[in-house]
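Only one chain is given next, in structure tokens, and it is the form predicted alone.
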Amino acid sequence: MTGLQASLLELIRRTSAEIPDDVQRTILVALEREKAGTIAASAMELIQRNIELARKKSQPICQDTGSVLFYVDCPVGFDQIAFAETAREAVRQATRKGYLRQNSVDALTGKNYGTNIGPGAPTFHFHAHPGADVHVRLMLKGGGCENVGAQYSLPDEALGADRDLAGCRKAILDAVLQAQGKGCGPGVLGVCIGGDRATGYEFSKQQLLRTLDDRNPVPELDALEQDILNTANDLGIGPMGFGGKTTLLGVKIGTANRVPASYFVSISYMCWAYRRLGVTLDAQGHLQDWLY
């Protein structure tokens, strides 16, 4: 096994079994916020126990280990083809070892080949940067939360949402209302304002690579993130839709240029099993540092 393959296998194992520290801290705060003896508190306690057990046993946090999404920041001239081939083999091995469940099926026939390998699986996003290091971030995104993602084209007459941040707010909160507990809440929203239909969703998922405790450098977006988080948690939807004070754990919003004819608000929903980790690799593919 090459150094790169071993590093990616360990990245997959830990991402599947261990919640990032920033998410763990946020969940513990949410548990304290819920009133003792309520269904919401019980749901959060079960979530916390699940997290502890998965970490202790090095087993998947959820039976749906989700879509496997690699985000790779690499130097100019980096061999992306070789990386992708090695990553696919690491996914194949991780599935064999039980770090990933056999989730990926043929789109037309539904046949499961038991490898999590196929067209578009796993998915790779490569981005060149001027440095010499390779940063690999991995996201495992479950199908339940993916099902409640949403995209709005503004203006939206039914919502009374115009092409401004107030209209974006209405669209995002409507997505929260429509999701209720179906996305395995409490959830995290990744949002993109602008772009086309495809890039809007792609940018919205990239927002989920941010940590929950960061703050948006754009003041208007920072204010919108905090407002939506507080407003959503006042809706009473709560964990799994059982009621309570924790509907969302975080909101992350970015923008992408758009053409004047279009104004999309794209929302990716992440479940409480927020599986996102990352590593820095050296030139030989050996693991140097953890990014989260």
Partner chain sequence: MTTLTPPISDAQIRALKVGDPVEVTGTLFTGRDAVHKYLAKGGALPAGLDLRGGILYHCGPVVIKDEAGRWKVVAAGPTTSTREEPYQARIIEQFGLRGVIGKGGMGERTLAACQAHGCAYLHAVGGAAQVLAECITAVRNVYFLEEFGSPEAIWELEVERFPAVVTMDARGGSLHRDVFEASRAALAERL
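Quick caveat, the model's predicted, so the values are computed rather than measured. Positions refer to the first chain, counted from 1.
What comes next is about the form predicted together with the partner chain, which is not displayed.
- Mapping the unseen interface onto this chain, N257 falls outside it, with no heavy atom inside 4.5 Å of the partner chain in the predicted complex.
- Looking at P60, you'd find a heavy atom of it within 4.5 angstroms of the partner chain in the predicted complex.
- At a distance threshold of 4.5 angstroms between non-hydrogen atoms, L235 is in contact with the partner chain in the predicted complex.
- Although the partner is absent from this view, L173 contacts the partner chain in the predicted complex, with a non-hydrogen atom inside 4.5 angstroms.
- At a distance of at most 4.5 angstroms from the partner chain in the predicted complex, none of the three residues C74, H127 and Q288 contributes a non-hydrogen atom.
- Residue Q102 is the only one of Q151, T123, T211, Q102 with a heavy atom lying within 4.5 Å of the partner chain in the predicted complex.
- Listed residues M139, A161, L221, C184 were compared with the partner chain in the predicted complex; C184 is the one with a heavy atom within 4.5 Å.
- Stretch 45-53 is the answer when you ask which of 24-32, 258-266, 45-53, 66-74 has residues with heavy atoms within 4.5 Å of the partner chain in the predicted complex.
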